[in-house]
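Given next, in structure tokens, is a single chain: the form predicted on its own.
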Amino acid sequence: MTERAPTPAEPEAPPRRSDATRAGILAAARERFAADGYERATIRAIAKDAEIDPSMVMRYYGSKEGLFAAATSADLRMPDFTRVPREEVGQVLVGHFLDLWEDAGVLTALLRVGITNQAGAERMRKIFAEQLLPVAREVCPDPDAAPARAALCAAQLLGLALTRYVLRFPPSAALTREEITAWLAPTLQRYLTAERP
């Protein structure tokens, strides 16, 4: 019996043109929503930025509302905090958010829109309620206080993001990752795990 030669691995399929079109539309939409706000951003302007016909935007997303929802959809990819030692929760959370913000087209655009626009603010509230609140419930000693604890953490994290990545305050932008962690991690740790005052 002869041994069968291994079959060559299937070549990876090139990305479909529609995937590239969608990605271009979303990138243009994020930029336009961040620059102009929800009300002033138009499908026509977004299509022009993406170098496509406005009908293509409508074909993929149906409406301005659908496009906004897709452009501001953000998965915070929260770590599994059941595997994080309780005394390291603040440090891990700060590091995780620094990674997100520094990688961050979606979150930065959403923060810019949320400052001036009700739809953007609502989107940000939903993301944090669905993704940060469960972390507070997992690690805090009194789950009934989890919403307040998560809100305090969000205030710190969003305040840092606003001053560092959007407004670019020189002292905030100049801080190293290690300095931010040293300042902010103990505060988040206290918010999440200390006994209620």
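Note that the rigid core is defined as the largest set of C-alphas that superpose within 1.5 Å between two forms. None of the values given here were measured: they were computed from a predicted structure. We number the residues from 1 along the sequence you see.
A second form of this protein, the form predicted together with the DNA, is not displayed here; the remarks below concern that form.
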Practice task
Tell me, yes or no, whether Lys64 is in contact with the DNA in the predicted complex, where a contact means a heavy atom of each within 4.5 Å.
Solution key: yes
Exercise for the section: Indicate whether the DNA has at least one heavy atom within 4.5 Å of a heavy atom of Ala41 in the predicted complex. Expected result: yes
Practice task
Tell me, yes or no, whether Asp53 is in contact with the DNA in the predicted complex, where a contact means a heavy atom of each within 4.5 Å.
Solution key: yes
Problem - Heavy atom of Met58 within 4.5 Å of the DNA in the predicted complex - result: yes
Exercise for the section: Tell me, please, which stretch of 157-165, 44-52, 140-148, 126-134 lies within 4.5 angstroms of the DNA in the predicted complex when heavy atoms are compared? Expected result: 44-52
Handout entry: Shift of Phe169 between this form and the one not shown at or above 2 Å (CA, core fit)
Key = no
Exercise for the section: Spell out whether the Cα of Lys48 moves at least 2 Å between this form and the one not shown when the two forms are superposed on their rigid core. Expected result: yes
